[in-house]
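Next up: a single chain in structure tokens, the form predicted on its own.
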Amino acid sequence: MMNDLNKFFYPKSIAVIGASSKPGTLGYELLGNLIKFGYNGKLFPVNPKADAIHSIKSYKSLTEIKDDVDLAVIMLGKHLVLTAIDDCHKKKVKAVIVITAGFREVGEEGVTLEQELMKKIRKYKMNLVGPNCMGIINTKKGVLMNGTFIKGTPVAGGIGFVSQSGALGASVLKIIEKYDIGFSQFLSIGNKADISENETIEYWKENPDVNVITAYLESFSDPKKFLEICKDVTKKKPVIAIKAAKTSAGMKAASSHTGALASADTVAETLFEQSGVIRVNSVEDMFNLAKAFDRAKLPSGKRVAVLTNAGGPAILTVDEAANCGLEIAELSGETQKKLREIVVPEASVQNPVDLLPPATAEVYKKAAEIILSDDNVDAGILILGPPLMFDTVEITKYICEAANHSGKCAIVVVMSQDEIIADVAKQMPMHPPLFNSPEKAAWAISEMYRYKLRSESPDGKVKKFSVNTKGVRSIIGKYKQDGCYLDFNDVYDILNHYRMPIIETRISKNVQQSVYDANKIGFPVVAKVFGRELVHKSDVGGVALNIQDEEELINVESRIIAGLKDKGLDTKLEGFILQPFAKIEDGVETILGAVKDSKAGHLLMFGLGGIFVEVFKDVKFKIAPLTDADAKSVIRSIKSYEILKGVRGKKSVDVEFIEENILKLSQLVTDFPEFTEIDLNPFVFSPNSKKSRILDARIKLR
């Protein structure tokens, strides 16, 4: 794919099929943008009715062009696109961008047309961007390609931006100068019938012109591939993404706790977190963070120094830094001494350093140099509030010079003066990131530091355990009904086949058998209703704990049966589950589960369990197969992790045993993808792994 995308981003010749001589049309504007931006290759407008467009010779058809064509941009009516693809094949053009809309996005007729388009693309072994897209940009000197129809001039930088939305791409291109966003390359992928975010991100990994990758997505073309690619890419370059179309609805038709807690956005959140992609919620945040990565060095640590000429912004910055996990650096005595020599007597030389409004450009520059040279400082936030008597642009340039020369992570904040940012950027092309908010600067540095830690962390490994897959396959073979829950005794056997500690369990069909089983287990016992349609046992009053003797057991089962009858559920009862009563004073109730997404595969869930799991919702997800690093991460990411580690005199549970069981469940759903929902809840983990037990479990098969 590398060479194929080179034809898109570095073409030596471009044919614009559907170029127009009529101002205001897309075909006129796109060709005009290529010319105005200074495209260095050969341009071939194609229009059967025009001799010249924008003073460039026009061709009646693509096949009339005698030169080689690297890239074809098609802007014809949708029913003419397929013929244009045939012409591209005759001309041996392998890279095609279809700007034209009216395909899959408009309904059934468009779906059929797009399918026909892709048949030709595959038959001719071409690569396609689009259809229904906005075009492509490369700001590199020697290329200078603005192959979009949007008015405005792209600003050069190190950001790669791939967008599924053409309208969003257009709005971004209109604000790039105001917010100092410097693009290296931009690609609008539209319907992404062929080239998607996956191929683009993978291509940019080794592209030296792109320092940081940004993406706006409404859907994932192939979630598994996205995870695989981004895990690799984010070790080398940051990837920042917006994922639209969020919803809180649970997985469709899910009846398990795991499925109910897996919202439609869970897949996106899990993909981003597990692959190292930084997720943001707004275009402003995406490009603030992107330009910080593009124009600043990664912070070596989390100690931050703040320089300002007003106290209010400094306080806001310190608060946000603390909220983001940064530390306010303690400046050395030597640093404070040097600062005292250049500032007015009323100024504060402790961090945050407040120079007060009289600070000149020279004082600001010298103070920034002194602060950033302190060994206790890993990063600097250099804030300039509107000065009353000095040239803001001049002061900002002086601060930028100090930041550039420091060799450390530094962000310059120009408050309430957006126009100053554009002026400084024009006068000083090699400038550090310029922000208009000190809080956003602190947030950006914290994200950069987190990225540094993630990118340096070792890759995990997928462990394989010795299990009985034949036994599980034999059990599955008994079931012919689709979408059913397995009998509990089969669930019990499956978990034993994978050496997961399910508590001793017996299933009785009548009271006499219950009494017999309870005596075999030994009182006290737990009784639970058994029935494939009685999924949430507690909700129907179907669980009784700490039953002390035979008489109590008989009374309990009679009371439960009567309660089910009142609810009209007595016909769903297939028997009772009998288990020893497990005291959990030293253990913690957790939930371990899995639910299958149609595209991403199995999501594994771990968190605080028990009957209130859907109330507290303290759970995290990972996509299978999990590595040992993933297992460690998901355990440590839940809010109640400190409970697992031991609080108020309680011992820590065996966290390594939790990791082992998470990995075993990952192996189970990887080995048997037909398991669509699994709940192990509660799964009680204790300080002694031998006392850890799964107290209830269910598995759904499809």
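Quick caveat, the model's predicted, so the values are computed rather than measured. Rigid core: the largest C-alpha set superposing within 1.5 Å between the two forms. Heads up: residue numbers just count along the shown sequence, starting at 1.
Beyond what is shown, the protein has a form predicted together with a small molecule; the following relates to that form.
Does the small molecule get within 4.5 angstroms of any non-hydrogen atom of residue 681 in the predicted complex?
Yes.
With the partner left out here, check for me: in the predicted complex, does some heavy atom of residue 244 sit within 4.5 Å of the small molecule?
It does not: once the small molecule is placed as it appears in the predicted complex, residue 244 has no heavy atom within 4.5 Å of it.
Should residue 698 be classed as touching the small molecule in the predicted complex when contacts are defined as heavy atoms within 4.5 Å?
Yes, residue 698 is a contact residue.
4.5 Å heavy atom contact, residue 220 and the small molecule in the predicted complex
Outside the cut-off, so no.
Since exactly one of 528, 620, 205, 94 fits, which has a heavy atom within 4.5 Å of the small molecule in the predicted complex?
The residue from 528, 620, 205, 94 that makes the contact is 528.
Scan 196, 579, 139, 234 and let me know which has any heavy atom within 4.5 Å of the small molecule in the predicted complex.
Comparing distances to the small molecule in the predicted complex, the residue within 4.5 Å is 579.
In the predicted complex, which of the stretches 531-539, 343-351, 356-364, 168-176 has residues with heavy atoms within 4.5 Å of the small molecule?
Going through the listed ranges, the match is 531-539.
Could you check, with the core superposed, whether the Cα atom of residue 528 shifts 2 Å or more between the shown form and the other one?
Passes the 2 Å threshold, so yes.
Superposing on the rigid core, does the Cα of residue 414 end up 2 Å or more away between the shown form and the other one?
No, its C-alpha moves less than 2 Å.
Superposing on the rigid core, I want to see if residue 577 changes position between the shown form and the other one - specifically a Cα shift of 2 Å or more.
Indeed, residue 577 is displaced by 2 Å or more.
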